[in-house]
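Have a look below at one chain only, the form predicted on its own, in structure tokens format.
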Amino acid sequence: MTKQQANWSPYDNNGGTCVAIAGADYCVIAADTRMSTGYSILSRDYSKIIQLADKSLMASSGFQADVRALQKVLAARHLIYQHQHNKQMSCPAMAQLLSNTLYYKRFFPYYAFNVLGGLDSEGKGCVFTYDAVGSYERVGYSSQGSGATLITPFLDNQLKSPSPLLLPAKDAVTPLSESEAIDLVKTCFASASERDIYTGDKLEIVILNASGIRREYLELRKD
């Protein structure tokens, strides 16, 4: 008789998909609101997007308990920064802080896959994409989570960004207008929810531009 033992893991994957697109003067960041474990849906209305600073938003998929812990650490570090510097952190500074925070925990990582979006000091849209241990890159668009393998090829086809090896370096922003980017994100999620069981229920889209932040919602399939 084979010996069996119960395996316990400190991690779970709660699924869900995040997408961010940077434009000339805006950033669109979106995520679905389904939270699952295995074949069970835990919540159909769980927001994966958090505002870290005036001009920084983060969307995270993976293990939502680790995501919450990470969000608390970032909020505390940002508060300390505000007391020391008497200003809000810029989006590129927040990107570096997130990288440092993830890398610090590299031997027992936060099981969180993040996209950070916002506006830089020049008012241009910026998107930073991460792995679980803090390696990051500034890109024009990114997708993370269970539906990323479906959405990324589609975004590559629609928005192929210039190679980072080109000289002189090209801006990593998409040529789309804000409304076109929002429509593209809606198309991405409508498509992904057809094929990925962990993506669905509702889409939350957050648009950040010079005039502030606004939210849009779109119903997705619920099965």
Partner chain sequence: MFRNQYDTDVTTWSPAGRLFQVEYAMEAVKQGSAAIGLRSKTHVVLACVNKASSELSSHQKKIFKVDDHIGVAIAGLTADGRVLSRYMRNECINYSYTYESPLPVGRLVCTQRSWKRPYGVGLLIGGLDESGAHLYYNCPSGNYFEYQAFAIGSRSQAAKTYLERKFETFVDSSRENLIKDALFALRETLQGEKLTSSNCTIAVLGIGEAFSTLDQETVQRLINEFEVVGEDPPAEAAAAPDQSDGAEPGPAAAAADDDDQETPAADQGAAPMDI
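Worth saying up front: this structure is predicted, and the values here are computed from it rather than measured. Positions refer to the first chain, counted from 1.
One more form of this protein should be noted, the form predicted in complex with the partner chain, which is absent from this view; the next part is about it.
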**OP:** Indicate whether the partner chain has at least one heavy atom within 4.5 Å of a heavy atom of Arg68 in the predicted bound form.
**Re:** yes
Original post:
Using heavy atoms and a 4.5 Å limit, would one call Leu97 a contact residue for the partner chain in the predicted bound form?
Top reply: no
Subject >> Contact test in the predicted bound form: Lys87 vs the partner chain, heavy atoms, 4.5 Å >> reply: no
Subject >> 4.5 Å heavy atom contact, Val139 and the partner chain in the predicted bound form >> reply: no
Subject >> Residue (of Leu150, Leu102, Val73, Ala93) lying close to the partner chain in the predicted bound form, criterion heavy atoms within 4.5 Å >> reply: Val73
Subject >> Interface segment, criterion being heavy atoms within 4.5 Å of the partner chain in the predicted bound form, picked from 128 to 136, 75 to 83, 142 to 150, 115 to 123 >> reply: 75 to 83
